[in-house]
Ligand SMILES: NC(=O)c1ccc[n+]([C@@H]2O[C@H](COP(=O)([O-])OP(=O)(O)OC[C@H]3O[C@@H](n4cnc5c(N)ncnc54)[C@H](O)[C@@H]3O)[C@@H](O)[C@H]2O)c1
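One chain comes next, on its own, written out as structure tokens in the form predicted alone.
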């Protein structure tokens, strides 16, 4: 269980990729449950929409422009978190990149950039905040993907990067469990977020991909960011026994 916050204080944590998609849905739910949030994103413009959140809920939010692939950016932001809040109870590694295309056409730079965000970024953020998480006996929630659990012919490198995130979760759970730190992972199915457009897909390509995926999912729909955010919030704030889990939140896709 996360250590109780000092009297009069609230649980505090970091959410990366916080300005859009699943990360933004997490911000809303964490604030609604009274947490203090340090919202990290690489887009300063997107973060502006978060600056006034939480005032009416008795919570608070700070926003920081952070490139999770840059060690100096991450280290500087982690120091600012401790200076502002004095503790770290949870980290949600939601920042991610997407890549689609056949093996014969995928550029090397695109593969390198994909792993930099999804694998290296998750590692750098967790490393930087680990002392605070250890002190609070806190919680880490990583975001993988349903394609980390089920092979795909169309975006193999994205699937591989998310499979790495899922296995890092299991390994870190073993490593950090004796220190009281829980590490879990969610594996969302196709979800309506800006990640596809950020990867360079056109509106038509995105729509076609999501329609095709929805047609194969038992529940016959794509996900909403809040579908995943609900599980992330529970794993980070409420559950105190689960660690090393990779939870498919995918309408049955991984079946």
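Every value quoted in this text rests on a predicted model; they were computed, and no experiment measured them. Numbering follows the first chain given and starts at 1.
This protein has a second form, the form predicted together with this ligand, left out of what is shown; the following refers to that one.
Three-residue candidate spot 67, 95 and 158; every residue lies within 4.5 angstroms of this ligand in the model of the complex by at least one non-hydrogen atom. Proximity to this ligand in the model of the complex, defined as a heavy atom within 4.5 Å, holds among 19, 14, 11, 236 only for 19. Heavy atoms within 4.5 Å of this ligand in the model of the complex are found in exactly one of 96 to 104, 75 to 83, 149 to 157, 175 to 183, that being 96 to 104.
At the 4.5 Å threshold, heavy atoms of residue 63 stay clear of this ligand in the model of the complex, well away from it. Interface residue remark: residue 141 is not counted as part of the site for this ligand in the model of the complex, having no heavy atom within 4.5 Å.
Proximity of residue 41 to this ligand in the model of the complex: non-hydrogen atoms within 4.5 Å are present. Residue contact check for residue 117: one or more of its heavy atoms lie within 4.5 Å of this ligand in the model of the complex. Interface residues of 154 to 193, taken as those with a heavy atom within 4.5 Å of this ligand in the model of the complex (partner not displayed): 158, 162, 188, 189, 190, 191, 193, in sequence order.
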